[in-house]
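Quick setup: one chain, the form predicted on its own, written in structure tokens, and binding and motion questions come after.
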Amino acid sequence: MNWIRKNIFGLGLLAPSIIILFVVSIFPMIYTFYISFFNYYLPRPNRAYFIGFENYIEILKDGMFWLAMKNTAIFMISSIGLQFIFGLGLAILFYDEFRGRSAKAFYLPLILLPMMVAPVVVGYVFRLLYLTEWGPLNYLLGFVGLGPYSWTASASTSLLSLVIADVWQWTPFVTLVLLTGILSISSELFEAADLDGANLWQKVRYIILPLITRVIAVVVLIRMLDSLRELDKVYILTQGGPGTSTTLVTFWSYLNGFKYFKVGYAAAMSIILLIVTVILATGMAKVLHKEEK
């Protein structure tokens, strides 16, 4: 009680933030976990009844859930892989300009603009770009004799269309983090490499990549967690189709909760996804911890 009296002013300042955090984050998570043990049909909430772990067992038997997990894994690996390749290339390209504060560094803020755009807006922009008849992307591909492609209406290209949109939006974030990591490397190492006649690939392989391993792990982890909860662009661009080719696990959970009204089932699916996310984050944290030793 004495501690509370001494810190009453500080606790008063923290109270609004704590209340908002509880209402927006903590309570919904607790309620989601609670409702996942019920057969809860949204149009008849008064008839909800406790069923224990049946929702979880049913999900593990659901072939559509595993297909959605497979689609999510393909989307995550593809988008993060491309974002890392492009992000590393742009970070190396901007290294000299940014360190030297030359006029070319002016272009860096322009490249960072996509990550500041809301995912819903990105979805609608790419929806226009992907139009089959008069979309800009098919128009440009026509000059080199390719297309037109039904980007979001074909099972062979629909998942690729999501990957392209995600890569466009989040490559700037990867670029910014990797560039920060490269700038933290002592310039003397690069100068010594220049004296030894090292080319760009040798600098990347023997200096940059080994010294920013922790930075790479952190940015991959952040993007991995974001990819697991991707929903906006799926909803705007493909609606999970054609068929089930772009049904990611978050979209499948959304359909069960807000289209089929199986709220308890959708809540259990969200908890499983949370568990998968925690496992991946823990695994990445252990890798970082081993590297520190």
Partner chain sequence: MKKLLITFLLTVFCFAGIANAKPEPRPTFDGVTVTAALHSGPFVNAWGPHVKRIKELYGINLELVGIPVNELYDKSILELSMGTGAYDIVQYNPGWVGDYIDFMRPLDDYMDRWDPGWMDIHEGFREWENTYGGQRVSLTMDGDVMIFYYNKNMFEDPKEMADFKSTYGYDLAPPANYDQVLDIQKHFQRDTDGDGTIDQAGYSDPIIKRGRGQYPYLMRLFAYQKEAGITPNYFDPDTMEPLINTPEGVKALQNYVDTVANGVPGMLQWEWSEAHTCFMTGKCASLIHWPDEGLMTAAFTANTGSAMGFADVPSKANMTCGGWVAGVTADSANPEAAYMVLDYILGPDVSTHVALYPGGGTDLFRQSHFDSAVVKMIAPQEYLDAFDSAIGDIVGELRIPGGFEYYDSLDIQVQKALAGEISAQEALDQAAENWKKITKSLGADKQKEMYAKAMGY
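Positions refer to the first chain, counted from 1. Bear in mind that the values here come from a model prediction, so they are computed numbers and not experimental data.
The discussion below concerns the form predicted in complex with its partner chain, not included here.
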Using a 4.5 Å cut on heavy atoms, which of I77, I85, A155, L141 is close to its partner chain in the predicted bound form?
A155
Taking its partner chain in the predicted bound form as the reference, which of Y34, W66, F50, Y41 has a non-hydrogen atom within 4.5 Å?
Y41
Report the stretch among 159-167, 189-197, 126-134, 203-211 that approaches its partner chain in the predicted bound form to within 4.5 Å, counting heavy atoms only.
126-134
Partner contact for V249 in the predicted bound form: its partner chain, 4.5 angstroms, heavy atom
no
Please tell me whether any heavy atom belonging to G81 falls inside 4.5 Å of a heavy atom of its partner chain, as the geometry stands in the predicted bound form.
no
G89 versus its partner chain, in the predicted bound form: is there a non-hydrogen atom within 4.5 Å?
no
Taking heavy atoms and a 4.5 Å cut-off, does T238 contact its partner chain in the predicted bound form?
yes
